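In the form predicted alone, a lone chain appears below as structure tokens.
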Amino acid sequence: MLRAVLAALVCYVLALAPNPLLAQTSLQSLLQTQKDEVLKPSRASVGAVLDTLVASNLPGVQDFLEKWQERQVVLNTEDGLFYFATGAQGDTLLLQDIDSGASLQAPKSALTDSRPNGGVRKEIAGALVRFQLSGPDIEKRRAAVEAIARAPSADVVGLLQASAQAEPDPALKAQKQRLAQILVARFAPDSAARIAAITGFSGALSLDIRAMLNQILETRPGVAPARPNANIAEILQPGSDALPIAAAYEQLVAADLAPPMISPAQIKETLAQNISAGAVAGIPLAQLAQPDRRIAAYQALVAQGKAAPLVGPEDMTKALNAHVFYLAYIEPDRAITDAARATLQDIETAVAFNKGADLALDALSLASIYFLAAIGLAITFGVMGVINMAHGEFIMIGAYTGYVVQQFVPDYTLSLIVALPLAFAVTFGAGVAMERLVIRWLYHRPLETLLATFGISIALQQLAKNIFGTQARPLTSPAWLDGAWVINDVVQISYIRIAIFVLALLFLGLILVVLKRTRLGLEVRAVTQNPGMAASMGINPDRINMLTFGLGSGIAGIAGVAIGLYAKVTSEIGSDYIVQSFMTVVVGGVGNVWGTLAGAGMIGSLQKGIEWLNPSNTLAAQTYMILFIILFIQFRPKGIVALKGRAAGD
């Protein structure tokens, strides 16, 4: 009895005694108790040192861990103390006292570096997260959150939730709360808390949310004589696409539920190991060249207990039918996996809807580009009936005009403001010159016009190569057009494409005003519908043709500036859009602005839809699109919006 009382007193005194590792009054004295591990740390044992430092709650621990991670901790062999290395002066190293921060010097020969390797530094970084989550430096707090997101664990959930409540930055606070919810969904010990966190993500689109749910729904294959008492995700049937016969039997063999298959090579090896007196199991070697005699010899060895039994098709089928093959969730709680599966299905539905919206935005953006590229051609073709194969080169001239302007006007916003009207003026003049010198002599001769403009396009491309070279030239967009409008993790569109869409709308309105509200537009429409009657009313069709060709060419120049903002400017930039421009005009309706708009929308949507169905082969997508256009023209040869008048008569 007395001995028991004494033992209890000893235990009580020991319990009240302070831990020598946690009762240190300074960081230096604490480090002295772990000197060898601090000086030569290893990843296998550094965890104990880190736990001791973190539990000490000493004020200099965070600074020490940061310096230790950056390999700035040294040991002075003269006094046996650790210091921070702050610089060097010849053979002398500048030091800083770990506790007081006082500066001193010591010869390099008396100092030994603590150089933690990559694995140790990673462990130190994990320990630093606890301090950085609530530190004063917001960048370090962000880095700590990102570190937790890269390597999530259950032991930081409480720290993250506590730091989120005290976080002053609203964006970072939301990020911490969201990450804490992810960690609760994965690691919380309470099933109800996990289910609440999981269902709270319903409709979320982030990749990390989907990754977390897929981790909860991770499965492993299994096989058993009967259906096991586990969280089964799916029962697999041998012979299905998910579980071929051979793979199912291999799974049985791996689980020691069936004997392994014996290959012909193994049969030969077994026979070779049992040769005796020129025979195997009484069968002469000369007869073993026959497959049936080899099998007979092997079966005789099986009967003698010298070989593993053969597995035939009937044995395999019997073994497969006697077992249950399944996929089981690694997560044992069915309620949690049910919640994760339902939430993931909701997310996948939302993702599919948003992918459709993103595809529609891409199609709208592409349609605006095609509209800008084709509207000038639509006006030219509709009024004059000229097949201008050099239309793409006017786009090229406009793009190069924007590039040249930026060489003299370094402000990209101002250069863009200057480039747009200048590109129109340059290409308008080039179009008028081309019409006066070539096109006017070839009216009503479509084949000669096509060949002449094709030759001009080749000449203009070569001229551009001679002036600017073959190297792509950048047409830099202003800073306010950088980046993209991110609606969510699935739907986003670049600001440049938004600007092109707005520009297309502006030109649509401008062209409608010109054609509907001005004298020039009235004369153009008159010449388009009935040139003879227009001439008898005092309108000069020759002048209208010249101005119309110049107008169409000028619009192509503006389109070149817009296209050059997101595509590299080369001599072939226009040829990339000439086919689509002609298809847009023909499908929409020759010479009609609304028809061109409808054609651009149809071509852009069709191209994006085909690319979505066949994303790995863009050439096939272009081919399918052309075939569709050909079929469409067979049923509606005058386009979506047919034009009355001369174009209709032609």
Partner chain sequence: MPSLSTQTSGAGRKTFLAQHPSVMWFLLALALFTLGVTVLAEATGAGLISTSFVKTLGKTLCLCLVAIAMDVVWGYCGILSLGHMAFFGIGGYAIGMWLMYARTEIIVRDSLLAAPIPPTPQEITDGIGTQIFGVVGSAEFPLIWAFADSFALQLLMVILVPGLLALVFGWLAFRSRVTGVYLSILTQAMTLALSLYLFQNDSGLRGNNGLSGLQNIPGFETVSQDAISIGFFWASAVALGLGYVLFAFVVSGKMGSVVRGIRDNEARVRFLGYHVESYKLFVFTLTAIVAAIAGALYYPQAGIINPAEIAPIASIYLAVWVAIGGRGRLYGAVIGAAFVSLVSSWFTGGGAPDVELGIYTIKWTDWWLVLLGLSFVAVTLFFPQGIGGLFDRLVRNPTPDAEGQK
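By rigid core we mean the largest C-alpha set that fits within 1.5 Å across both forms. These figures come from a predicted structure and were not determined experimentally. Positions refer to the first chain, counted from 1.
As for the form predicted together with the partner chain, it is not shown, yet the points below apply to it.
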Exercise. Tell me, please, which stretch of 149-157, 439-447, 165-173, 399-407 lies within 4.5 angstroms of the partner chain in the predicted bound form when heavy atoms are compared?
Key: 439-447
Practice problem: Just give me the single entry in L520, L310, V579, A433 that has a non-hydrogen atom within 4.5 angstroms of the partner chain in the predicted bound form. | Solution: V579
Self-check item: Contact residue in the predicted bound form, chosen from G126, G119, G200, G455 - any heavy atom within 4.5 Å of the partner chain
Solution: G455
Quiz item: Can Y329 be called a contact residue for the partner chain in the predicted bound form at 4.5 Å between heavy atoms?
Solution: no
Quiz item: Might R294 be said to contact the partner chain in the predicted bound form, defining contact as any heavy atom within 4.5 Å?
Solution: yes
Quiz prompt | Close approach of F381 to the partner chain in the predicted bound form, 4.5 Å, heavy atom | solution = yes
Exercise. Tell me, yes or no, whether R71 is in contact with the partner chain in the predicted bound form, where a contact means a heavy atom of each within 4.5 Å.
Key: no
Exercise. Heavy atoms within 4.5 Å of the partner chain in the predicted bound form is the criterion; list the residues of 458-493 that meet it.
Key: I458, A459, Q462, L463, N466
Quiz item: Is the C-alpha displacement of A373 equal to or greater than 2 Å between this form and the one not shown once the rigid core has been superposed?
Solution: no
Quiz prompt | Large Cα shift (2 Å or above) at A279 between this form and the one not shown, core-fitted | solution = yes
Quiz item: Honestly, after the rigid core fit, is N540 moving at least 2 Å at Cα between this form and the one not shown?
Solution: no
